[in-house]
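As a starting point, one isolated chain is supplied in structure tokens, in the form predicted on its own.
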Amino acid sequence: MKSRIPGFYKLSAEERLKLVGEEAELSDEETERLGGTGLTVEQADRMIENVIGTIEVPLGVATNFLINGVDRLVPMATEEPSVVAASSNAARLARRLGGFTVEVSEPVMIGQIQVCNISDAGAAKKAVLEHKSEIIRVANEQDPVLVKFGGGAKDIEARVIDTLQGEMLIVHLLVDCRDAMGANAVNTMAEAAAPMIEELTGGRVFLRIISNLAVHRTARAEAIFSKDDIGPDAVEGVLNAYAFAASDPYRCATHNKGIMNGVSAVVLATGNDTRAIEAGAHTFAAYPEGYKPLTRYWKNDVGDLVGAIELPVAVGLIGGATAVHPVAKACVKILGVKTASELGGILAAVGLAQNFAALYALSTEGIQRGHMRLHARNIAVMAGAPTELVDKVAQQLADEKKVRLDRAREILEELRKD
């Protein structure tokens, strides 16, 4: 697969789809699904309750990504202009010095078991840890298929916390979920282990649920951006922007939101859980203390800019919408991933690319120039411009730097008179 496709954005949507279909070796049916038929109401009715229809979100493809030496075309589902273009441009700049290097941990999720009404929390914790192997055995009996493929419960952690309701013992069941996100497997195992934990501790178990703070299931990505490509001033500008986010929570919230613009778009395109990923990422940014940027930047010995990111990647290729949504399945095929860990690594690379692109724009020309140029097309459509006039209205809005609905209507009226 080639991901470096100069002029890709200049092609029509039909030409882009044809090219991506050829690169990813999509079937005619998969290409047709991506081209507009998408998810039927009948399919949707089997996914959630009280279905009345579906809602379409634009699906784009980010180009230029080179990840661990492999070219990747990256599907992104988002309604926000400039996200796909920004990721593609950042990936292009990263290619010169090797693209993105990623590392992904084992796919281990945490199942939490909350034990209340205990008279001696320390003794209860000791009892649980002394019977670790028996608890793991009970948990693994619930999913022999997962165990067969090398997954399953691997370890037990226990900690005592002070709460408004008094001391509680929180038992963590660490489960290797392999290529699944793991919520169903982890929750089932936690529920099965609960009676034994109650017996061991003399307490009462209430919650038995997966945690979306997946500290054991993370991905890290790193890339170098040449000072010759972006300029020494931009290197300093990005470093200053990063320092701002690292020291100010108001800026840091927006810094990390920008990262998730890219990450969540890929998560949605592949049918994974955007809420779980976003909750995990923002909590991870505050873990163990203080809200901080998910990315880091520094200068190397020759003055190039180095960027790095680490974030939780609780995504899967088995089960959920990923397994049943026809567009999600086609997007996974476009990515060319075979494991959930590969997908997690791509999320990290996209998050770093998105963040670099934002900081680069903010510290040079400003974020609005490129964003508003793309947003102008939305404004033109809102003003009622027909298809043949949308680009003309948008171009004039961008040239005037007045991307407003009232001005779009005025321009449209002028064009109609002409």
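What you see is a predicted model; the values in this text were computed from it and never measured. Sequential numbering from 1, following the sequence displayed.
Only in words, not in the display: the form predicted together with nicotinamide-adenine-dinucleotide, which the text now covers.
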Interface stretch in the model of the complex with nicotinamide-adenine-dinucleotide - options 317 to 325, 82 to 90, 224 to 232, 122 to 130, non-hydrogen atom within 4.5 Å:
317 to 325
So which of H282, R208, H216, R178 reaches within 4.5 angstroms of nicotinamide-adenine-dinucleotide in the model of the complex, heavy atom to heavy atom?
R178
Answer key, nicotinamide-adenine-dinucleotide contact in the model of the complex at 4.5 Å (heavy atoms) among V238, L294, A183, V108: the residue is A183
Would T78 sit within 4.5 Å of nicotinamide-adenine-dinucleotide in the model of the complex, counting heavy atoms only?
no
Is there a heavy atom of N140 lying 4.5 Å or less from a heavy atom of nicotinamide-adenine-dinucleotide in the model of the complex?
no
Spell out, yes or no, whether the shortest heavy atom distance between D273 and nicotinamide-adenine-dinucleotide in the model of the complex is within 4.5 Å.
yes
Considering only heavy atoms, tell me if F149 and nicotinamide-adenine-dinucleotide come within 4.5 Å of each other in the model of the complex.
yes
Each of V145, N187 and N212 within 4.5 Å of nicotinamide-adenine-dinucleotide in the model of the complex, by any heavy atom, yes or no?
yes
